[in-house]
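Below you will find one chain, with nothing else, as structure tokens; this is the form predicted alone, and questions on how it binds or moves follow later.
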Amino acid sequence: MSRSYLFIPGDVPRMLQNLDVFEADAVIIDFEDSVAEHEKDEARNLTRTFLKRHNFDTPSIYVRINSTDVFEHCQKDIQALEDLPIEGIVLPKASLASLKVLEKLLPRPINIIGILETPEVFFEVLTLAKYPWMKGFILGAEDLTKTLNISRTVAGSELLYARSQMIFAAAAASIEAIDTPYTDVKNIPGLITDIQTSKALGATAKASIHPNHVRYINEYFTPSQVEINEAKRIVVMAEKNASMRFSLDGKMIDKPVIERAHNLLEKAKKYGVL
């Protein structure tokens, strides 16, 4: 599980060469929206050459392919990725129909992160979440709000339904729920509010389109010392009482709370704060 997913264009050599210095847990090399039509072959060639020469333990490397709606580009993308050391692919306009097309193109099973960016996908999101290769979802708020003809706001109330649907389905299938990028690059207070909102709703990570956002995402999705101390107390009391149900500071603690404490401590270990 990662905290931060950074999109970088696949046709910009300096971004590829520096992808391991941005401090993102995962990098998504983009063949789709950030690459012009006449640069897509260049993006494939650059990415293939670069990844053939470099293998990364961190960050995890994903590639956003073109949508199955643009079949020729999608097919070329998958051919270009064959035998490369990547963690998986990111599928735009994810849907059950697009997965059927993708299955026929892929030479082998691979991790897939689906972008939820069309209104209709939210009527099949739970089935999509349980697809065997599905590793997680990213909310694609820009395309979604454009289709709905509504505006993005700092408060994000217009995304509550979509965020909640994504997060509930991801939790039900035990996959990642990755919140949408915050697109106002210089508005750091707005970014922090957006991160806090998505985390409070249950998102497990957040995507970004600018390296400057990564450190804030990592900070807020890393367990705080207060959270770690509380989780330790719960785990110690559970072991001391040899019970999955007890009272702590006047609050009833039971199995789900104890399991959440264990999970938080595991996450803290992974990110080096425990």
Partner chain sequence: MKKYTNLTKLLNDLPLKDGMNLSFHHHLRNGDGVINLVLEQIEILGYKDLLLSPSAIFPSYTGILKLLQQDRVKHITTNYLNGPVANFLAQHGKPSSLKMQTHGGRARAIIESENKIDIAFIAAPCVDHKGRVSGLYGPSACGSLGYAMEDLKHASVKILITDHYVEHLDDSQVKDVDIDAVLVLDSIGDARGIVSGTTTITSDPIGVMIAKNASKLIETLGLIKPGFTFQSGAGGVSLRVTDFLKSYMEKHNIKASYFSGGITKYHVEMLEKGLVEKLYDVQCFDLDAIQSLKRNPQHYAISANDYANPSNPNRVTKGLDIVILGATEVDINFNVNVTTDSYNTIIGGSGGHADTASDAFVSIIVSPLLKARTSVVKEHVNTITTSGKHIDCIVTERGIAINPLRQDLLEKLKHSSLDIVSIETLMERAYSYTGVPESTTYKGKPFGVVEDRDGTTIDTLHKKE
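All values derive from a computational prediction rather than experimental measurement. Numbering follows the first chain given and starts at 1.
There is another form of this protein, the form predicted in complex with the partner chain, and it is not shown here; the text below is about that form.
So in the model of the complex, does any heavy atom of H54 sit within 4.5 Å of the partner chain? Yes, contact at 4.5 Å.
Heavy atom to heavy atom, is R215 within 4.5 Å of the partner chain in the model of the complex? Output for R215 is yes: heavy atoms within 4.5 Å of the partner chain.
Any non-hydrogen atom of D20 within 4.5 angstroms of the partner chain in the model of the complex: Contact check for D20: yes, within 4.5 Å of the partner chain in the model of the complex.
Contact of Y220 with the partner chain in the model of the complex (heavy atom, 4.5 Å): No, Y220 sits far enough from the partner chain in the model of the complex that none of its heavy atoms falls within 4.5 Å.
Only one of these stretches, 224-232, 29-37, 45-53, 237-245, has heavy atoms within 4.5 Å of the partner chain in the model of the complex; which one is it? Of the stretches listed, the one contacting the partner is 45-53.
Which residue among K255, K251, H262, R14 has a heavy atom within 4.5 angstroms of the partner chain in the model of the complex? Here the answer is residue option R14.
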